[in-house]
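Below sits a lone chain in structure tokens, taken as the form predicted on its own.
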């Protein structure tokens, strides 16, 4: 196969991912309208709705990330850094996951100074936060805490839950920007963490670059995802 054919297939694949992402976005909107129009009759139906919403949101998020990673590899994804109020970016992601949290009976708390502003790409950082919120909604028992603050002249965004925490393998590989930990047989591509690391690293100030951290414990006793931006 020629290099041209490989490049051509990559373009076709990227175009297909874009179309699937749009279709799935419409499906998510329709699903939300159905849930609002016909609330679940009992806990069993609520769990079914929650599963549908989680799986659709997860697939949609991964398609968005695949497209972004493709553009990163082709250097066609510029970082559009501007000043943004954190509360606006965080509340937008909370709103995107409001119905999912409702059907799963989760409390999602935001702890952020309304005057806190920082320089970053709001779309990319918002995508990272959204992905972690979707995953947290699956593993949390009752509560998720989304927090943003400045520490040591860096922006720190944390998402903590009250679930069982991250498995040891993920904690060990959390700082590696590689395919470490990928297990296709088990369905563990860890695309979300790969995307988050790339987005963090694309934010730079002088010799400093952004990074992510995974830990267990935190304010709710479960998993804690941390995004640090210079």
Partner chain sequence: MAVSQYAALKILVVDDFHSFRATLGRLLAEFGCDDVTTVMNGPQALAACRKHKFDVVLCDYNLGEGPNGQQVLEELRQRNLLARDSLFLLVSAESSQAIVLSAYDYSPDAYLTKPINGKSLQQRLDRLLRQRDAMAPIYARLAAGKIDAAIGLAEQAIAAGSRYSYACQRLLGNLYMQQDRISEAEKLYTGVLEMRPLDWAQVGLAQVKRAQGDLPTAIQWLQRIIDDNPFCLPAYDALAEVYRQLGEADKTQQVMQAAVAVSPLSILRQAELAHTAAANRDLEVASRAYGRCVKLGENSCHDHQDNHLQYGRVTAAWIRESQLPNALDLAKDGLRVLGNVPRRFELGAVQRQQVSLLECQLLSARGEDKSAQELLKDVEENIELPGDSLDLQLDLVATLKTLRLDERAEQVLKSLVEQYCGDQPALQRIDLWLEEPVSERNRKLVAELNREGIGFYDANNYARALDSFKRACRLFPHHPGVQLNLLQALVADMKQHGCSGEGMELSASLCQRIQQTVQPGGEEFNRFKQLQQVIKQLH
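Residue numbers count along the first chain shown, from 1. So that the term is clear: the rigid core is the largest set of C-alpha atoms that superpose within 1.5 Å between two forms. Just so you know, these numbers come straight off a predicted model, no measurement behind them.
The form predicted together with the partner chain exists for this protein as well; it is not shown, and the discussion that follows is about that form.
**Partner contact for residue 145 in the model of the complex: the partner chain, 4.5 angstroms, heavy atom** = Contact with the partner chain, no.
**Message:** Is it the case that residue 32, even though its partner is missing from this view, gets within 4.5 Å of the partner chain in the model of the complex, heavy atoms only?
**Reply:** Contact check for residue 32: yes, within 4.5 Å of the partner chain in the model of the complex.
**Prompt:** Does residue 205 reach the partner chain in the model of the complex if we count a contact as any heavy atom within 4.5 Å?
**Reply:** Yes - in the model of the complex, heavy atoms of residue 205 and the partner chain come within 4.5 Å of each other.
**Message:** Is it the case that residue 79, even though its partner is missing from this view, gets within 4.5 Å of the partner chain in the model of the complex, heavy atoms only?
**Reply:** Answer yes; at least one heavy atom of residue 79 falls within 4.5 Å of the partner chain in the model of the complex.
**Request:** May I ask whether 98, 119 and 230 each come within 4.5 Å of the partner chain in the model of the complex, counting any non-hydrogen atom?
**Result:** Every residue of the spot touches the partner chain in the model of the complex.
**Asked** In sequence order, which positions of 21 to 51 have a non-hydrogen atom within 4.5 Å of the partner chain in the model of the complex?
**Response** Residues within 4.5 Å: 21, 22, 26, 28, 32, 33, 36.
**Message:** Given a superposition on the rigid core, I'd like a yes or no on whether residue 67 shifts its C-alpha by 2 Å or more between this form and the one not shown.
**Reply:** It does not reach a 2 Å shift.
**Message:** Is the shift of residue 212 between this form and the one not shown large enough to count as movement, that is, does its C-alpha move by 2 Å or more after the core is superposed?
**Reply:** Moves: no, less than 2 Å.
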